[in-house]
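Here we start with a single chain on its own, the form predicted alone, put down as structure tokens.
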Amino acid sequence: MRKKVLLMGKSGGGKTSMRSIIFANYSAKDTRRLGATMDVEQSYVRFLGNLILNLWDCGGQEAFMECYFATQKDNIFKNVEVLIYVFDVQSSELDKDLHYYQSCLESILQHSCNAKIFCLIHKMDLIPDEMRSTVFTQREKILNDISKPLQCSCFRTSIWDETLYKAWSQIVYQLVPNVKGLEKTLENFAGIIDADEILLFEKATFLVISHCTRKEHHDTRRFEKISDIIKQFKLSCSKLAAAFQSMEVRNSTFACFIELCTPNTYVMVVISDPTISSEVTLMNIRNARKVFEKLEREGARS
């Protein structure tokens, strides 16, 4: 099952850097050596086993952008599942950026009218903390207005913090087959083992693809923080020629287990009882694997 994802925006806006961090295990510092994308770079990323993301990273130089709309429109904008448009928050040419974005929307309406639209307001780390919410809200309003009749979802992002994982988790969530079945199964599993929270991560990217929360938590950004922390830990392991397999964390208030769930996913289980037996929890996870593997197979066939 292949799904086409367009990654577009101005040259130097950070498209290739974010793609490399999410899908190619680059650290933020490693992206400094990446060059500009010339024309269109296609890559195929296997995601959740049978789902293949066909990523089209489109160079944002002005000559290329004009060419996309003049001579390559049918090729680029046909059969698109998701358009991700990246805006450099410090761009000095906002009007031109919006013009090209509108041209993309017109082409999407013509060739892939059911595509989902995501706008990433990128490099937010360069904006002072006290101004970020205001700047983002202003840009979001502008983008929502000019996107009509299409709807766009906007995210503030930076390669230097967990906001990148939040945005991309929301994007891939829209592409995961049978995601409602996953959510229902997580709810049932959490009830059976009396877990406060269960998260399901895609194995390669560690993006959150589904979750169940039964106990409120004050940190609304915890999912993307965990993705970022574990991804960085995995990178550290690989540098030592070691492979990440599992993790257990305990303190006086909870116990947390991260284990392989299916060949394509990891599961994180959080339980309030810090005295819970590791053996019991790991046995419950092993017993649940067959259910989740069956859901994956059903999603692959749908």
Partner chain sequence: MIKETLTMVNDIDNDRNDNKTSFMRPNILLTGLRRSGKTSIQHVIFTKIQPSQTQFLKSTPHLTINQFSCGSLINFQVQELPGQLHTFPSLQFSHSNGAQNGQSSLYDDNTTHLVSDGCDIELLLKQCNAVVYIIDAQDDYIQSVSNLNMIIQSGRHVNPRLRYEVFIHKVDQLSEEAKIETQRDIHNQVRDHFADVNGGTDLSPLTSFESNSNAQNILINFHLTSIFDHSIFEAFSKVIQKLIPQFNHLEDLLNYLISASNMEQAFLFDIQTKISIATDSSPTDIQMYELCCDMIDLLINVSQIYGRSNDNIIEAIEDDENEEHVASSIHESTNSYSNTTDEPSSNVFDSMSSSVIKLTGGRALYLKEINRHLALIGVLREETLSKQSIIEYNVNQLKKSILELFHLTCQTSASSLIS
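Residue numbers count along the first chain shown, from 1. All of these numbers come straight from a predicted model, not from anything done at the bench.
FYI, the form predicted in complex with its partner chain isn't displayed, but the following is about it.
Contact label in the predicted bound form: Lys148 to its partner chain, heavy atom within 4.5 Å: Heavy-atom contact with its partner chain at 4.5 Å: absent for Lys148.
Distance check, Asp97 to its partner chain in the predicted bound form, heavy atom within 4.5 Å: No, Asp97 is distant from the partner.
Any non-hydrogen atom of Lys225 within 4.5 angstroms of its partner chain in the predicted bound form: Because a heavy atom of Lys225 falls inside 4.5 Å of its partner chain in the predicted bound form, the answer is yes.
is_contact(Leu126, its partner chain) in the predicted bound form, heavy atom dist at most 4.5 Å: Outside the cut-off, so no.
Region of this chain that lies against its partner chain in the predicted bound form, out of 153-161, 135-143, 184-192, 166-174 [heavy atom, 4.5 Å]: Partner-contacting stretch among the options: 153-161.
Of Leu34, Ile52, Met247, Met38, the one that lies within 4.5 Å of its partner chain in the predicted bound form (heavy atoms): Only one listed residue qualifies here, and that residue is Met247.
Answer option from Lys180, Lys78, Arg214, Arg221, heavy atom within 4.5 Å of its partner chain in the predicted bound form: None of the others qualify; the residue that does is Arg221.
Check all three, Ile229, Cys237 and Ser252, heavy atom within 4.5 Å of its partner chain in the predicted bound form: Checking in the predicted bound form: Ile229, Cys237 and Ser252 are all within 4.5 Å of its partner chain.
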